[in-house]
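Form predicted alone, single chain, as structure tokens, below.
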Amino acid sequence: MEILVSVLADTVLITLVLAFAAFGLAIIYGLTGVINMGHGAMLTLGAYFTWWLLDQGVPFVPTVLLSALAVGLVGLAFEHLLIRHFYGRPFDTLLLTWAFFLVTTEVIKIVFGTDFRNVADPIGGDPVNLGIYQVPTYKTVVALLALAVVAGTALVFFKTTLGVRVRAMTQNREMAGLLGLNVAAMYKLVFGFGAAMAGLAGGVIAPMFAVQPYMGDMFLVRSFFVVTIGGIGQLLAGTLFGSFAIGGLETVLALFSDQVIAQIAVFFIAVIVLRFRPQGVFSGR
């Protein structure tokens, strides 16, 4: 019984943490069609901004919010200077965002160095007691925050006028423009918000991992699988299902094999799923 509870708890926590890390990519890739290879670098920037602001004595909550804002502004600048000229050209945006990753990583090395940095757990205290199993308090808070962010964004997307405009833009850009929608502004808003979400995720998960220039890389491939398996543009169900398929399944398989073997098996299963359903599980619903 204890093993079952521990597996379920770890699966839920890892699923939601991965959903948080992948959400910025889900927004940009799903709503603008830009294959954002710079997602990992944006997440890393958020972690470094968080570490630096905490080192200056800023409290943790304002720190992660400021980090998200800073990365969002970086994303807005990147979109305005380069990306906005290449919408509808996925290969070009792929190369541009890959270049963003390379340049940003080198800038991080120059400014912050290559040493591993640590962000202290802002909560501490005793773990959450589930009776026969205990889970880390901070990881639980991150999981709940991830669920709130994903659900809140989906609520805006489906229940507000702004959400209607964004969906109109993604479904038919030309018609939305003819009907008076400022398409350029909406693309800019979506790209900046997606970058800010990546920065927020980086800041929030910084206490859980060592902060170093390539920390975002471990989430990049997983995030792409999350988005494509769940269904591009499916922000709520798709993101959560894709995160469970990648993170949750990896957790379960790791019980019966080595961690590396579990990762390989999960990615193999993901490739098989995409082979027979390339549009994603929830696409078109």
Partner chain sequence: MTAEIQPARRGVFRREDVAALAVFLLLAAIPLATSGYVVYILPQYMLLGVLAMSLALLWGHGGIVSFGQAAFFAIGAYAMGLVMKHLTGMAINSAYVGILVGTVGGGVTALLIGYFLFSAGVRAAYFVVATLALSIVVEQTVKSFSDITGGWNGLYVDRMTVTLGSWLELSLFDDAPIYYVVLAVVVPVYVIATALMRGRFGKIVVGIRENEDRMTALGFNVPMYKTLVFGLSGLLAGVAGSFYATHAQFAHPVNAGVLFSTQVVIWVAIGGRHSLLGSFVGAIVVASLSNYLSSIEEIQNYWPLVMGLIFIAVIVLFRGGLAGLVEKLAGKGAHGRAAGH
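Residue numbers count along the first chain shown, from 1. Because the structure is a prediction, the values reported are computed rather than measured.
Below, we turn to the form predicted together with the partner chain, even though it does not appear here.
At 4.5 Å by heavy atoms, is each residue in 82, 90 and 272 next to the partner chain in the model of the complex?
The answer is yes; 82, 90 and 272 each reach the partner chain.
Should residue 96 be classed as touching the partner chain in the model of the complex when contacts are defined as heavy atoms within 4.5 Å?
Contact with the partner chain, yes.
Just checking whether residue 130 would be counted as a contact of the partner chain in the model of the complex - the rule being heavy atoms within 4.5 angstroms.
Taking the distances in the model of the complex, the answer for residue 130 is no, it never comes within 4.5 Å of the partner chain.
Wondering, does residue 49 line up within 4.5 Å of the partner chain in the model of the complex on heavy atoms?
Judged by the heavy-atom cut-off of 4.5 Å, residue 49 is well away from the partner chain in the model of the complex.
Might residue 63 be said to contact the partner chain in the model of the complex, defining contact as any heavy atom within 4.5 Å?
Contact check for residue 63: no, nothing within 4.5 Å of the partner chain in the model of the complex.
Only one of 147-155, 107-115, 68-76, 193-201 has heavy atoms within 4.5 Å of the partner chain in the model of the complex; I'd like to know which.
Selected range: 107-115.
Which residues from 209-225 come close to the partner chain in the model of the complex, meaning a heavy atom within 4.5 Å?
The stretch touches the partner through 221, 224, 225.
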